[in-house]
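Just one chain is shown here, as structure tokens, and it is the form predicted alone.
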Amino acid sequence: MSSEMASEYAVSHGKAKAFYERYERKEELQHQTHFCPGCGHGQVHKMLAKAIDELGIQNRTILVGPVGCGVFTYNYFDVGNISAAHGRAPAVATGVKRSRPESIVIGYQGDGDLAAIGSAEILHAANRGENITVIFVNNAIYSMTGGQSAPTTLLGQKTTTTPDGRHTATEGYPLHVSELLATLEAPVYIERVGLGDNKQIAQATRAVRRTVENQVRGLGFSMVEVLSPCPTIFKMTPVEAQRWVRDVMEKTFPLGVFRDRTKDAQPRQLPEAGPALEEIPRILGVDIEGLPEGNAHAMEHAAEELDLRVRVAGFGGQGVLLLGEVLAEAGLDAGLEVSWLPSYGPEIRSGTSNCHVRLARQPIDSPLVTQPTVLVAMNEPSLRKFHSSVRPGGWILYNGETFPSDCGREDVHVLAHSFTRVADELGDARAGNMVMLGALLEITAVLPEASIDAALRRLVKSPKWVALDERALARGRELYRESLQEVGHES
């Protein structure tokens, strides 16, 4: 087509700006989504992206994605994206909206995600009237996991877990989520729409936009339930699946508006801003007057780009979690951004245990430490499990006389010592974790001793143990300095 001819035409429909230009989930399929032909998720995605574009909120939108067929929302929507655990999208959306009230927060879930494991989450979020938008895609079955019965499966509908069809005596009745939430006082807008034909799709498009627009206006909780086809699990063609939604599914789940208070609803008052950062120590009762500024090495590491990522691992009973807690509490005392995430088995003693700790001057995006800058391995199994994950240039502190030769890496620093034996010489082998923490603190030099001391005294209540732990910390610092002298002597 010539440029003259092209100028006579205007593009009336195109790809929404709220979508990424290319989808990088798979290198060979960057032009398409992962959805099966005829799947309703693709249509709902288009509706949502169109609403975001029309309302001009792309830079304000945070989409909380689901577990299930719609899990890859972050690969498609060029907005803020958060992945929530199964069923927890309403809780995550609540937290995001309360902490970022200026944002437009949208929860996107399927029926297995929202109506089953997430039923309590959606019920209480709606009952509180949280100012969020919920897109609920209901195809009456667990699709991604192979077609099991879902809370919304129809009576008589055959699935892999109801091969003879759903019966009220064994599986109960289909759960009517929209009707259930409409009995609550707080929700502002609840509508059920379908994708059964073009007329229904047009109405669904309007409803999706309205639920988002309600949040832009600050009116409160809005949800649209979308009856959606699933040709693959229904074992139908896309056309047959679409007709099944219209002719069969709609009889159990009638379309319509179940709650609409948008004409009378008043914009919800935004929560008051949180306290200023400098006010937090006073609120928490932390005395920061007179804290030492630290030595030159500490000041060098106190730059804005500070991001200390520590993985502590060992057996239960070795003080793994306490080591991480002291480090995190000291970071709080020093005014840093902090996260501490424990992970341990059911055994109280001798089970595996590890924790993630991050200290930074900028907000922390995730508490997970998958590539630590420092690994504290309190036993050999933990060393072997995590040593390969340490970032190049990082440190490994190993509780052992010698470092296993097959775990050696030329791109990391290693300090191997029997820290438990050192602690035993100080008075109790259980203080080995504090000896290792002392070495870590001397290596990183990011925390003043006063912050460590304050954190230790808050977490350890016994004066006897506080005294022992302080000696252990000091001895750990000495061990690191002695290792430097040994290296200098050898060179």
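Numbers follow the displayed sequence, beginning with 1. Keep in mind it's a predicted model, so treat the numbers as computed, not measured.
There is another form of this protein, the form predicted together with a small molecule, and it is not shown here; the text below is about that form.
Put simply, of 160, 83, 145, 252 only one has a heavy atom within 4.5 Å of the small molecule in the model of the complex, and it is 145. Only one of 321, 141, 374, 334 lies close to the small molecule in the model of the complex, with a heavy atom inside 4.5 Å, and it is 141. Residue contact check for residue 407: none of its heavy atoms lie within 4.5 Å of the small molecule in the model of the complex. In the model of the complex, residue 69 approaches the small molecule with a heavy atom inside 4.5 Å.
Put simply, residue 194 is far from the small molecule in the model of the complex: not one heavy atom of it is within 4.5 Å. Residue 112 belongs to the set of residues with a heavy atom inside 4.5 Å of the small molecule in the model of the complex.
Remark: of stretches 256-264, 366-374, 112-120, 211-219, the one touching the small molecule in the model of the complex is 112-120 (heavy atom within 4.5 Å).
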